[in-house]
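The chain below stands alone and is given as structure tokens, in the form predicted alone.
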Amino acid sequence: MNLFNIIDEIEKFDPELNDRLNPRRAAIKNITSFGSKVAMAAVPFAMGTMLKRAYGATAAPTVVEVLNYALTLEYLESSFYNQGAASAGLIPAAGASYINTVKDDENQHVAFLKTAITASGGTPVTSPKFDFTAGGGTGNGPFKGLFSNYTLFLKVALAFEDTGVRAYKGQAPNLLGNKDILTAALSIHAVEARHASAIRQLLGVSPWITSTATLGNDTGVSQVNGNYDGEQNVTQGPVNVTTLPSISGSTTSVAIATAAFDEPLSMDQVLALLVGTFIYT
């Protein structure tokens, strides 16, 4: 049985198979390198399981789907900052350089993602409609007046930036089969993290997310608790970080453990947080 010939034949009918299987190709390679009859006997089962996962209900999104998801989030942020920068009297001189830099970055991200999607053989999605008051299109949500209230504007900006950081991190596993796109996504992820810290500084809160044992959100804005849910996690891999020694004792506090690590959000989690409130049709 030549597994790679089988995969090559399937790819003739499904050009996205490579995205669906990677990095599972590596798993096949490892199986076939075992060289034992036992290992080879397991190959048909492993092959069936792999294809089932590749095409099953829980199949990972393709690279183009991930890029269009990222583009939707970047549309949100670029539109938000463009509208904020255009709102007369909103941004004080002390914050203008920060906000304008973030705005320019987000616009660059939109332009890059459109180009990357086209270069990958896809079609960039069009921008959805946004209601930055979180009113689902009513303009009367809990953040009404944010474009005339600088503090409120920064609070919404912070929720977007912290969510964006988690969103990019959540898609890294789905981009492992395309190193060029993964590298670009991680580059944007790092910039989004810097945006978050800059907005936190402007808002006067900790530059990193510091959670309690029961609440991930440290911004004091209860309406966005869901955007920070999971940040209270203190277990990384098999390690409970609070059991590790710290500089001041034999254990580590929840505050330090949660500040030291950031948590991903899945595509479904992010869209559930945004669609119907900030994003509407």
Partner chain sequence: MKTSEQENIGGANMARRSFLRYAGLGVASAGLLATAACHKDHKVVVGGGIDIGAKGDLAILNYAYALEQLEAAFYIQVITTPYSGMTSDEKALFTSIRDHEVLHREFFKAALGGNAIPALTVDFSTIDFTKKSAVLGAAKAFEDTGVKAYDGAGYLIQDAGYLTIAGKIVSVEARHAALISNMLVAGSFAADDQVDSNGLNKSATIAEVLPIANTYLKTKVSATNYSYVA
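This structure is a prediction, so every number in the text was calculated from the model and none was measured. Residue numbers count along the first chain shown, from 1.
What comes next is about the form predicted in complex with its partner chain, which does not appear here.
Although the partner isn't part of this model, could you tell me whether residue 151 comes within 4.5 Å of its partner chain in the predicted complex, counting any heavy atom of the residue? Answer no; every heavy atom of residue 151 is more than 4.5 Å from its partner chain in the predicted complex.
Distance check, residue 130 to its partner chain in the predicted complex, heavy atom within 4.5 Å: No, residue 130 sits far enough from its partner chain in the predicted complex that none of its heavy atoms falls within 4.5 Å.
Would you classify residue 256 as touching its partner chain in the predicted complex, given a 4.5 Å non-hydrogen atom cut-off? Contact with its partner chain, yes.
Touches its partner chain in the predicted complex: residue 173 (any heavy atom, 4.5 Å): Answer yes; at least one heavy atom of residue 173 falls within 4.5 Å of its partner chain in the predicted complex.
Determine which one of 136-144, 83-91, 118-126, 181-189 lies within 4.5 Å of its partner chain in the predicted complex, judging by heavy atom distances; exactly one does. Only one stretch qualifies here: 181-189.
Its partner chain in the predicted complex reached by all of 112, 197 and 264, non-hydrogen atom within 4.5 Å: Yes, each of 112, 197 and 264 comes within 4.5 Å of its partner chain in the predicted complex.
Taking heavy atoms and a 4.5 Å limit, what residues of 100-131 are near its partner chain in the predicted complex? Stretch hits, in order: 101, 102, 105, 108, 109, 112.
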